[in-house]
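Given as structure tokens, the chain that follows is alone and in the form predicted alone.
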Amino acid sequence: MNWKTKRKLFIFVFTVPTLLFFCLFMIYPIIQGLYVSFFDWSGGSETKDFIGFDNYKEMLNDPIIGHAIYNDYFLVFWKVIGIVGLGTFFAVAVTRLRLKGAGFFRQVFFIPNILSVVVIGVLWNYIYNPSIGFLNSFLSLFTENKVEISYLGDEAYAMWSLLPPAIWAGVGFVMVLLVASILNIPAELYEAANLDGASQWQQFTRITMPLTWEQIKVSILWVVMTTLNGSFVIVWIMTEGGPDNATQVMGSYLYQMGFRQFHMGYASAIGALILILSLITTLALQRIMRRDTHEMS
């Protein structure tokens, strides 16, 4: 057996199992979901009634769908700003500004990433509790009357109240990713910039940001994809899509229709919509963020 054959065998052994798992747990469920979306099916009955595109037509007339899509992109927009913005700021702060205890701050900010989303949701539910929650208790220190705002029960506050826990949970990952990238930038570049009299902001915009752009882009795409496909968990734990569907996102509405109202065909159609919007959004962002990669010599 020559070296070319061994190389091909090596690639085959390590690639095929991964491909099989990907097809089994990703491709097959997608195809099955698209198939079910053309049926009227409760999810538990033995019979399925083929109805063609009726589930998709029903979505066009469902006002909750439009509201759920808006909420998804509301979370996407503010989470990108909050998570990537704060993650970048803290990464620069602990590397370039030479803050004392930088290692401590890295660990503290990364702690939420090792917690389950369920734990985070329950924790923030207690923080927002109108009677015994920390937030109202803290605000009450500065008012004559006790503050009893129902953050998760008021349509005016509910969506905004989901942002702090969601951002808190993701900042650490982006920070650690960018810290590693910034530490790989040659110190000579910053020394030359200091000699030229460049400010910290100029160093960030002309050295740090261009040389870490690939990591920033990955962070943005990570936030977008995890939000469009995974915001269901935090929403369902904290509000279950309420009050009055005010915090409903596509994932939570899919769960409600499929596993609460047993309209599995319609839920599968919602899943297909999530897939389409995720692909369109990702491709659009990749095109918008396309720029020349700066290499470090």
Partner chain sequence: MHKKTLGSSILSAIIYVIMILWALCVLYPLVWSVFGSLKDNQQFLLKMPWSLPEWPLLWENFANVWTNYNVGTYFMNSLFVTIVSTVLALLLSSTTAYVIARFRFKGSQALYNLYLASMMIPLILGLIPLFFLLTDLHLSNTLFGLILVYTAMNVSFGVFVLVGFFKTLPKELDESASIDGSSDYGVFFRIMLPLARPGLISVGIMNVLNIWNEYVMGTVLVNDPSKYTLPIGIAVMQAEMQYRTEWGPLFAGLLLSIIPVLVVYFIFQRQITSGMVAGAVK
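For the two forms, the rigid core is made up of the largest set of C-alpha atoms that agree within 1.5 Å on superposition. Please read these numbers as outputs of a predicted model, since none were measured by experiment. Numbering follows the first chain given and starts at 1.
Absent from the display: the form predicted together with the partner chain. The rest refers to it.
(message) Quick check on I81: any heavy atom within 4.5 Å of the partner chain in the predicted complex?
(response) I81: no, not in contact with the partner chain in the predicted complex.
(message) Under a 4.5 Å heavy atom criterion, is Y70 part of the interface with the partner chain in the predicted complex?
(response) Contact check for Y70: no, nothing within 4.5 Å of the partner chain in the predicted complex.
(message) Check F134 for me: does it contact the partner chain in the predicted complex (non-hydrogen atoms, 4.5 angstroms)?
(response) Yes, F134 is a contact residue.
(message) Using a 4.5 angstroms cut-off on non-hydrogen atoms, would L75 count as touching the partner chain in the predicted complex?
(response) Taking the distances in the predicted complex, the answer for L75 is no, it never comes within 4.5 Å of the partner chain.
(message) Residue by residue through 19-46, which ones have a non-hydrogen atom no more than 4.5 angstroms from the partner chain in the predicted complex?
(response) Contacts from 19-46: L19, F21, F22, L24, F25, M26, I27, Y28, P29, I30, Q32, G33, L34, W41, G43.
(message) Aligning on the core only, does the CA of G52 end up 2 angstroms or more away between the shown form and the other one?
(response) The answer is no, as the C-alpha of G52 shifts between the shown form and the other one by less than 2 Å after core alignment.
(request) Kindly check if the Cα atom of L283 is displaced 2 angstroms or more between the shown form and the other one relative to the superposed rigid core. (result) No.
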